[in-house]
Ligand code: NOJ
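The form predicted on its own is given below as one chain in structure tokens.
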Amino acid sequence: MKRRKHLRPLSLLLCLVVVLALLLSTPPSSAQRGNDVERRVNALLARMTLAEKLGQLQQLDGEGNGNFRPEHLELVRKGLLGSTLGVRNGGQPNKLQRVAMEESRLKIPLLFGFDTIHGYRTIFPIPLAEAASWDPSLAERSSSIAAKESYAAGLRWTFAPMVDIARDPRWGRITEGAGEDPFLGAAFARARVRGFQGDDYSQPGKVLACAKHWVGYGAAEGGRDYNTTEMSEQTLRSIYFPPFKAAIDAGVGTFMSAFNALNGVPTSANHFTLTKVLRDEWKFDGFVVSDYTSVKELINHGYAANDKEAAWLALNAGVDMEMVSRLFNQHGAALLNEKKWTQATIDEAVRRVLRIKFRLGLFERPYVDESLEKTAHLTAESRTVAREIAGKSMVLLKNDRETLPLAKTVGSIAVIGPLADDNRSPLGWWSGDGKDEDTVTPLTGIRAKVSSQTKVTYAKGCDITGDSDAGFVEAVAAARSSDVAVVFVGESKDMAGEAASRVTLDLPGRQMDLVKEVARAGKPTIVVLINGRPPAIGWIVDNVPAILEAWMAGTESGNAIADILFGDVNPGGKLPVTFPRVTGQVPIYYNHLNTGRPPEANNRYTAKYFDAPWTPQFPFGFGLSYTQFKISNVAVSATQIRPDGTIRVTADVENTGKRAGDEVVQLYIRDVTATITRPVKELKGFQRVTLQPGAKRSLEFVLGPEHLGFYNRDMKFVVEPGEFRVMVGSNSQDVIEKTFEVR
């Protein structure tokens, strides 16, 4: 038998070093990291006084210029403030953070938040426009750049994405979401959360995302902001919940409760939505912040009698952090003494806030490198991406006689309208720290695009609002003396967004009259819309040969518009929301329920109007191109499937025109007969593809129970037996239909 050699002490030491190095180099699993966070949270929570706990539940706003308020210093020093809103830039977050980390008892870092909605310094198209790209990867890119710029300003949290479904374009905040459809909305919710947060939101250049506004805010009665919402639970679960659930599936760290009452219970004190659904059903373990003073507004709702009662109801329902109002802090001790709050309820809210702060890595990296502000904002690369996304978001609504694209060598062009040289409105609402002077206006973009021999004449024509037509003569003269007229009309920045509900969707002021006068000049006329919601533009549709929906497209708006007008970019966007003919049609949306008397043109006693068509001006999913596409060979892989089965739908798409271009192939389904009435069609798949002239591509969609099922009367998600129709096309109306059966 061989004698076993003993390890020498030095060899043993080397082995231990190697083993230790391997252990240290092996990253902890997500479960290990989670357990570590929970241990740290519990240990910190055990050391906190009631006042310090309530401090973590308080968010206060800074001054409008990005500075913190003087009182914040003492509050932070005493551990009575957990988060700020709007404190950013110039090292302001670091200054306040140093007080927290060096002068407070427990050294709990602050969380700095801001409304970075569609860009921080580089402003991208409004979210509604970005959804018109039907390409969620673009939203992920823009959100990633916005996160990087926000982080460089000292921010670690954005109050985005807004994922409210909106079916009424009178509501100004339709501009902030992805439109009317839950499937498209869910796709963009996932993309934006991934863009802001990445795989790990504790990493430099990433920020914590916030899904808002939970819930039903986009269904405010009359399209009037902050108004009441009434709907069935089935509609809630089918239409308004899916984008929020998608945000959770993508890992969103926070939610924001909304302003509105939902079926009589304000959403900032709604136990059903905040606890039963969000926590119990969906297992969300981040925290919920109230919207701006929405806790105190429970009194105006008539749901709380006073400040103390408002605080009592909101925390018990599931709001964890109070934005701006201070009712949790002011009444927390009394509510605990009166046993209206329990210590466990307070601790759970604090635990949720601390959990996110630990996950963010704030305790290890509380400060942001202030030098980043000099290099991260409005880079050449970010402007290039903004221009690309803007171009892919624009929708060609009409192009008779191939009026577009224009030749860069056109002899003369009249650029007309109140939005032609406006550098503020293209930024849209909630435009972060974007600056008007950085915006490329349409006039600037056109001048940069055409040849030096092209004469460009500019005439404003009229203001966006107001009754004056004094500029009409100059505008008409410019059109008559030019080869082509391009008229820019729409809405100002302040006319779309929060608190910007409108009673009419008509063009404001004298803009429609301006278009009419220019069109009567007899030259080819193109109308470009710069707006934040669907407009009612019936006369323009009937009388102008070319219409481009350019939206509020951000910093690079003018360049992107010029790219499309002159053919460097072939428009491929599709509408994420239905365009009505007149305001009286709203709410109007494609995925409506049928009635017992569906509309018939020649039957008075059917569901229609007698003074206007019931059909939209432009349907959901609509958009033209400078080339032509053909969709064919739509087929299903089976004629029958089980309720738990899947089915493949295939289709060919071919570019039959002479230019390369993008087509968005859309798949809709209809459950023909069910135990509750089902929509006439529902979007369940889409793919944006780029094809060269003559090229053809085969596409495949897979439908499973998650696509075919619905919430029944017992609020159970079921797939019922019966006939299903599959519809594939280039928009929600022009489709090829196939059928299969679930058995």
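On a predicted model such as this, the values are computed, not experimentally measured, just so you know. Residues carry their position along the shown sequence, with the first being 1.
One more form of this protein, predicted together with 1-deoxynojirimycin, exists but is not displayed; see below.
In plain terms, the part of the chain that comes close to 1-deoxynojirimycin in the predicted bound form, with a heavy atom within 4.5 Å, is 206-214 out of 148-156, 206-214, 304-312, 587-595.
Between the options K357, R121, R173, R510, the residue in contact with 1-deoxynojirimycin in the predicted bound form by a heavy atom within 4.5 angstroms is R173. Distance criterion of 4.5 Å from any heavy atom to 1-deoxynojirimycin in the predicted bound form singles out E498 from the list E281, E498, D469, E600. Proximity of A246 to 1-deoxynojirimycin in the predicted bound form: non-hydrogen atoms within 4.5 Å are absent; the residue sits far from the partner.
For the chain shown alone, L75 is not a contact residue for 1-deoxynojirimycin in the predicted bound form, no non-hydrogen atom being within 4.5 angstroms. 1-deoxynojirimycin is not shown here, but in the predicted bound form it comes within 4.5 Å of a heavy atom of D291. Taking non-hydrogen atoms only, D115 approaches 1-deoxynojirimycin to within 4.5 angstroms in the predicted bound form. Taking a 4.5 Å heavy atom cutoff to 1-deoxynojirimycin in the predicted bound form, the one contacting residue in 50-86 is L85.
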